[in-house]
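Let's start with one chain on its own, the form predicted on its own, as structure tokens.
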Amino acid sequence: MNPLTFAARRLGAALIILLILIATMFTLSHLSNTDPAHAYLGAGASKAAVAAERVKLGLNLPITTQFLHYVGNLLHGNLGVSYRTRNPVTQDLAEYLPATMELAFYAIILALLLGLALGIATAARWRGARILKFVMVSGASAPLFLLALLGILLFYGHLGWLPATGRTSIPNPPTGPTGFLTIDAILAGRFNVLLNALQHLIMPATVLAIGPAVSIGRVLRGSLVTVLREDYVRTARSKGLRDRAVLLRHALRNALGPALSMTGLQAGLLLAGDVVVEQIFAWPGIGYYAAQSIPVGDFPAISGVTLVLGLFYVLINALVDILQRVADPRVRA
């Protein structure tokens, strides 16, 4: 199949999944016991005011019409108004999303690096591979909240090496243009902010990355062990190439496909765990925003966060499928 056709089919499948997610969120909003009009106006609103607000929100229209309006609003970037902040959810997400994306970006990069190290070291039986495997599997076996709390107690409370909460402790950090504090600090020439931001990133990013890294590493190891038994690998060795060169130059590329697929799956789990990690580390992202919205039944905010995370999840998986096809042309639709 042509690579462009393959990419188009994967993106089309991602669109269908997004439509199903949108329909699910719309259904849940109508199954909820919370009256959107009453929740927006407050507990003291009169029945007349609530009835007028329901008409204003279009809640008196047929359910199919409401769904079409809901989809139309989403296409125009209208996710509703938060009951808690009284701001448009889109505005709130624009404020909180960059922090989450920065944390997720570094966590995924760290998961890939640790996964590659674990997979290659254990497949090649390098010295120290067993210790690396023991440490990573032990960390991945612990619940996220426990791993986060242990990290805070050890690296902040006992050793004092790393900060425990927040995104930075330096006042008036740069706020643009990318929204990634580490990049904005470099662009502004404020390297003290860069160092401080990286220190704040280490613990939450590691907590998020350790579980996905083990899964990626295990899949990569299994794939490498299989590939290393292939005839072309034996031929490369017979030509006098060192084992490390054979592994890195010849076997690794053909073994990456399953690991890339696992990366896409783990990215979704990483984003799901983001809510817990941001709450513990007081990281000002959409996970923290959602955690504050859940207790007060702020459904527009919860729905907005869910849709954004769902969007990233399906796009990451579609991208991984496309990259897998590039890495290994033998892959078929």
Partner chain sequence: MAVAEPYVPDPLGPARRFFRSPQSGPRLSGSLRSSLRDTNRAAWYAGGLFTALTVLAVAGPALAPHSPLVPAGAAFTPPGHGGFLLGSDSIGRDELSRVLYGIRTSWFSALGVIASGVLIGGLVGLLAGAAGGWLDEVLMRLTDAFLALPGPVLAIAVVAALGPSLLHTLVAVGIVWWPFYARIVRGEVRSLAARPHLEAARLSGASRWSLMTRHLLPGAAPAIVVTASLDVGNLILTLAGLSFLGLGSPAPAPELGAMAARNLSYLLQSWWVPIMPAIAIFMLAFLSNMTGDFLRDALRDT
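Keep in mind that what you see is a predicted model, and the values were worked out from it rather than measured. Definition used throughout: the rigid core is the maximal C-alpha set that superposes within 1.5 Å between two forms. Residue numbers count along the first chain shown, from 1.
If you look for the form predicted together with the partner chain, you will not find it shown, but the lines that follow are about it.
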Fill in the blank from the handout: Among 253-261, 100-108, 182-190, 136-144, the stretch whose residues bring a heavy atom within 4.5 Å of the partner chain in the predicted bound form is 136-144
Exercise for the section: Assess the spot marked by 20, 152 and 306: is the partner chain within 4.5 Å of a heavy atom from every one of these residues in the predicted bound form? Expected result: yes
Practice task
Look up in the predicted bound form whether residue 279 has a non-hydrogen atom within 4.5 angstroms of the partner chain, and give yes or no.
Solution key: yes
Problem - Heavy atom of residue 319 within 4.5 Å of the partner chain in the predicted bound form - result: no
Exercise for the section: Consider residue 32 of the chain shown here, and say whether it contacts the partner chain in the predicted bound form, taking contact as heavy atoms within 4.5 Å. Expected result: yes
Exercise for the section: Classify residue 294 as contacting or not contacting the partner chain in the predicted bound form by the rule of any non-hydrogen atom within 4.5 angstroms, answering yes or no. Expected result: yes
Exercise for the section: Could you check which residue among 68, 61, 51, 272 gets a heavy atom within 4.5 Å of the partner chain in the predicted bound form? Expected result: 272
Handout entry: Heavy atom contacts to the partner chain in the predicted bound form at 4.5 Å, residues of 297-316 in sequence order
Key = 299, 302, 306, 309, 310, 313, 314
Practice task
Return yes or no for residue 131: a CA shift of at least 2 Å between the shown form and the other one, with the rigid core superposed?
Solution key: yes
